[in-house]
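The data below hold one chain only, encoded as structure tokens and taken in the form predicted on its own.
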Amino acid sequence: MDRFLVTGALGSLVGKREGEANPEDPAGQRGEESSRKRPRAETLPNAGPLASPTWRHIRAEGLSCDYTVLFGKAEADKIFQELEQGVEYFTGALARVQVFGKWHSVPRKQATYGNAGLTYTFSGLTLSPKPWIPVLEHVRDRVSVATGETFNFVLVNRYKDGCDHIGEHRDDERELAPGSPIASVSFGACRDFFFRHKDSRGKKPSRKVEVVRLQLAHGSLLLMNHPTNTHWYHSLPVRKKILAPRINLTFRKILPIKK
């Protein structure tokens, strides 16, 4: 049976059937979800004042996220093309990940950029980021203005179509600054995005907690606040009907290496 309304401990979230992405209502929310503006800085360097985005708030047991469409279509299209031209993705051994002790090819393209002196370890790989490029600096600075947060690292994931995906995981690596949010910015095809509570995973879950389903639109920003990644796994499932590419940028605050 298709579920349109998620209620109970999750509050109130309304979404499309699984697999349907609706750019007109990308976060799949109505009803009791409120809209308000987050505090932000007034301007970017060498730029005039920017309009404050309107946020939609996604709340559940241990889940706290804020969603907005940060970039209009024309600007998002331009950024997408600049990312396609400028990002250098991993090849060879860096394009493989370790899952349950076995190495597998990553079902998407990945790259990391950030400040000098940082490293980031995930899926059996320890990576040093490449220096920032202008398009990533531009997006990073806009995210900082909108959220009031600063970020020194970004993981870039490119999904060539709906067959490229990412399985359930938590962004809880030890290098992350404690309590810092993760800002996920999407360009390209609108894709489904799922949150699953850690207690409801596996063949014999300890309890039933409803999955939270969102759609992440072109030019959108999803801010995953603490303690979301402590309690909830997230994923981007396969959607074979999606033929267009998507690029996702997840901005993080990484602790410098202690010498």
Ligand SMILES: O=C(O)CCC(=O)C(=O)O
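Residue positions are given as counts along the sequence shown, with the first one as 1. These figures come from a predicted structure and were not determined experimentally.
Although it is not shown, the form predicted together with the ligand is what the next lines describe.
The partner is not drawn, yet in the predicted bound form one stretch among 112-120, 127-135, 150-158, 67-75 has residues with heavy atoms inside 4.5 Å of the ligand: 150-158. Among heavy atoms of R252, some come within 4.5 Å of the ligand in the predicted bound form. Interface residue remark: L221 is not counted as part of the site for the ligand in the predicted bound form, having no heavy atom within 4.5 Å. The ligand in the predicted bound form is not approached by A177, whose heavy atoms all lie more than 4.5 angstroms from it. Interface membership of R246, defined by any non-hydrogen atom within 4.5 Å of the ligand in the predicted bound form, is confirmed. In the predicted bound form, every residue of the candidate spot (H169, S184 and F193) has a heavy atom lying within 4.5 Å of the ligand.
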